[in-house]
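So this first bit is one chain, no partners, the form predicted alone, shown in structure tokens.
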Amino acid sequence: MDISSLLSYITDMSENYCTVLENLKENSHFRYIRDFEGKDEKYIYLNGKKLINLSSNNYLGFADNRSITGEFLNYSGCGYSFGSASARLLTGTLPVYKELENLISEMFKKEKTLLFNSGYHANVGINSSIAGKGDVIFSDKLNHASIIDGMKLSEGKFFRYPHNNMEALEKLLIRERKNFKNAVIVSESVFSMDGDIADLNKLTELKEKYNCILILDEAHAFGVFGANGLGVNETLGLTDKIDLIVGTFGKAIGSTGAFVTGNSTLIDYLTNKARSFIFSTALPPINIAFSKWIIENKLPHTFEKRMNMLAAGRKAGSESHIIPVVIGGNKETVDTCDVLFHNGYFTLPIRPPTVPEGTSRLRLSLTTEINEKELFDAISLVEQTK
């Protein structure tokens, strides 16, 4: 390719990208990174305004909490480094990594646990490797993008059943299970955009009836549900019936990273096959130590606050601490967020492809620091804009 052809190619390519971006802007679909001036466990600061943060996953208020951070640093004496400089399978493992993995195993009464760098890393790694050629995955239609991306990378086949429709799932299993060697059912517990809860009793029943592996993503429930904060599996007493439980430290725990826990065979398999684990530099030791310290020292004292938060969510019509307020159109949803902003609330518009077309919404996300009056005042403002 000569210089003039190359320049013409680059110009055409740039124009194509610009056209896509302009279309996103015209349809109120353009995303950008906001320049926040700061945040703490309840508020976020933007454009000189102090706003109640209703778009955070900081469910227990541990993240951005200076008191808790200071307490941890005093405890640790800054004895942990800020970088691992290697993947876990090379030199990226120190005792604190195994200590956290063993702690998670003990809490869930599972044989073994594996840490990942994020919930996305975990779901992509697990779902891309768990099903090989001749295997199949059955996935809830509203499962997180990380699960979908993992399945797309898998060498197995996958089917997506209608959201929380156990009758449809069983029909799929009757029709397809016999055609595959290994079969996997994967679901979130608390669905991130709707706040509803999977029918875990039925999922465990179907998993046993049709000889499947059951994977449950407890990302939004770990630290919130259950007497010990283990998630919906603990609330329903079904922990031992779930083969692989996924959880994150970047939400309720206020740290970063994720885990999967289960029997030693499956965890060893993932250690050897999950590419997002094998080929990633391990998280900094100080983050691992912080997650472990929070779980051991702070999480046990949150039960009453967690139950009050969940009760507030139920009063608002949700099954959890995530309250969806469906607006419909993109522009209308963006405009509603602007109204809330001018009244002291920070919310973000949730638009396709995160949710289906025509169901753009606000995702009101509670923390233990937000009281019922603040929540229902925000809901009232939304109702007034419709």
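In this text the structure is predicted, and so the values were computed from the model without any measurement. Residues carry their position along the shown sequence, with the first being 1.
Beyond what is shown, the protein has a form predicted together with a small molecule; the following relates to that form.
*Since exactly one of S154, S139, S146, N287 fits, which has a heavy atom within 4.5 Å of the small molecule in the predicted bound form?*
The residue from S154, S139, S146, N287 that makes the contact is S146.
_Can you pick out, from L173, L283, A219, I267, the residue that has a heavy atom within 4.5 Å of the small molecule in the predicted bound form?_
Answer to the contact question: A219.
*Stretch in contact, per heavy atom within 4.5 angstroms of the small molecule in the predicted bound form, of 275-283, 93-101, 307-315, 113-121*: One stretch meets the cut-off, namely 113-121.
*asked:* Can you work out whether S192 and the small molecule are in contact in the predicted bound form, taking contact to mean some heavy atom pair no more than 4.5 Å apart?
replied: Heavy-atom contact with the small molecule at 4.5 Å: present for S192.
*Please check if T248 has a heavy atom lying within 4.5 Å of any heavy atom of the small molecule in the predicted bound form.*
Yes, contact at 4.5 Å.
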